[in-house]
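One chain is shown next in structure tokens, namely the form predicted alone.
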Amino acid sequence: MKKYDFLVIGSGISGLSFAIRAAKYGTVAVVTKREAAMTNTSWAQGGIACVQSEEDSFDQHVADTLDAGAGLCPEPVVRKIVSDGPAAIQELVDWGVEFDLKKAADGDLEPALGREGGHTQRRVLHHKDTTGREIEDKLLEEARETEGIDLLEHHFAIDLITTTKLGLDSESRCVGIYALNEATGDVLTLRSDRVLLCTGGAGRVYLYTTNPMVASGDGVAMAWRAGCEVANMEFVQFHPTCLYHHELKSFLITEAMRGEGAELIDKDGRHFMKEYDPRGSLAPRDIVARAIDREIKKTGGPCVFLDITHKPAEFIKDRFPNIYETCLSVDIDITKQPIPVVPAAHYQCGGVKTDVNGMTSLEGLWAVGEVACTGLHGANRLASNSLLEGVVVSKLALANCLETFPASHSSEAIDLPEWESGDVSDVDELVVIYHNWDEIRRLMWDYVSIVRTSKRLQRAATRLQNLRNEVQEFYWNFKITSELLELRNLVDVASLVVESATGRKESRGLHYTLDYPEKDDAWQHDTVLKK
């Protein structure tokens, strides 16, 4: 057993910014299941939304967020995160993050702000079209140089350890985790009274997604198994514009491109978005994704197109160099050709239920970022609010950690039992794991994606229950591997999404069902589940 003052699971913007700040108060372990840089943060293209100009205001940013959230965003939470944004952005800059600048009228440099769907002002700070990678690289560099931080790469968090599981307290609290060292196959016991979940989302629960392979819902699944409340899992955001190409199936075409004037068109060049919303291609993501889904089904075509060819070629190459080079690698010159695009699973608006400080319903456990549900995103996330939430709420979570367990607090002497594998054998049928993984993702895409029905949801629930039984049998009878752990988490999270969607008898934000196509004020509340 190894003890730490702070235990962070995940190495994206939330986990690393928390760890860097927390190292001033004690020892920190950052546990991450792959290389530290392999996070959803690294894949974020568009930017980070924050009020930065005189034309903008906190009130306008709050209003845009509330509008996108379709009635489920608590305004105090939104206002706190938005108003704390500028100070958090300054911290990122102090840690070396470089945002694009431009010359102001007086000759001084100022942020080059972008605009995305749902925003009424330009307020998106960016680093070309690789903002997330810039943030991840600079935070990782800072974390590696900060004394007191242990970065445990290729360590897969298996489960949270609670006092209830240990038979110690009637009031459960989190006291550590078990983590698989993928290099050795050993399971480590890590002890701390301050555990922070920053594991990102669950995009890989769907067949088509913009997310990296690590996004398998690990944090939500662990927290739910430990007895935490989970909220609003039915609200899964489908990004409207994922590149449609057989070689590059998960490549995102950032919304910032539409913010710079790109238009959605069909194969005949028709601009169809005004038929669905007066804001056209700059409507919020839920509206745009459903419109594209409708156009594809109506025309029978495999995709629609995003056209930015009317902009100067040099502007396109300078503003979107990563997208330009990536598309060119598959013979699509975006300065001359429209980009074939389809919607794909992108972001979960629900997660482990927390307050604005990241505090969960389980004492000793905090959750920040996409794994958590503060309420900021409501029923539909406003573009580029996610990185903002991660860097702001991680700061609030640290303050709350130190209030709950002051800096002088030392984890009490609880001897956590070592992991016991029992009478298990090596997995000799990986094909079964891969088949189940594939089946989960296909059934979620077919039955629980952009447009849903009660009948499809029931079919998904029935099959998922059978799959959960199969996965549990595997888990208890075979030696654990990262593939088995991810499958276990995927089936749990998929089941939570289906249960939440089945319970909401209306259409709101990202949850659209043909059986209840209208919004119903009686359902203007969170969907909360607890094991």
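Position 1 is the first residue in the sequence shown; the rest follow in order. These numbers come from a predicted model, not from an experiment.
Omitted from view is the form predicted together with succinic acid (SIN), to which the following refers.
- Note on the interface: of 297 to 305, 454 to 462, 183 to 191, 252 to 260, the segment with non-hydrogen atoms within 4.5 angstroms of succinic acid (SIN) in the predicted complex is 252 to 260.
- Only one of T374, S394, S384, N380 comes within 4.5 Å of succinic acid (SIN) in the predicted complex through a heavy atom, and that residue is S384.
- With the partner omitted from this view, the residue of D286, E116, D218, E234 that lies near succinic acid (SIN) in the predicted complex is E116 [heavy atom within 4.5 Å].
- Under a 4.5 angstroms non-hydrogen atom cutoff, succinic acid (SIN) in the predicted complex has H239 among its neighbouring residues.
- Succinic acid (SIN) in the predicted complex is approached by H346, whose closest heavy atom lies within 4.5 angstroms of it.
- Interface residue remark: S495 is not counted as part of the site for succinic acid (SIN) in the predicted complex, having no heavy atom within 4.5 Å.
- At a distance threshold of 4.5 angstroms between non-hydrogen atoms, S42 is out of contact with succinic acid (SIN) in the predicted complex.
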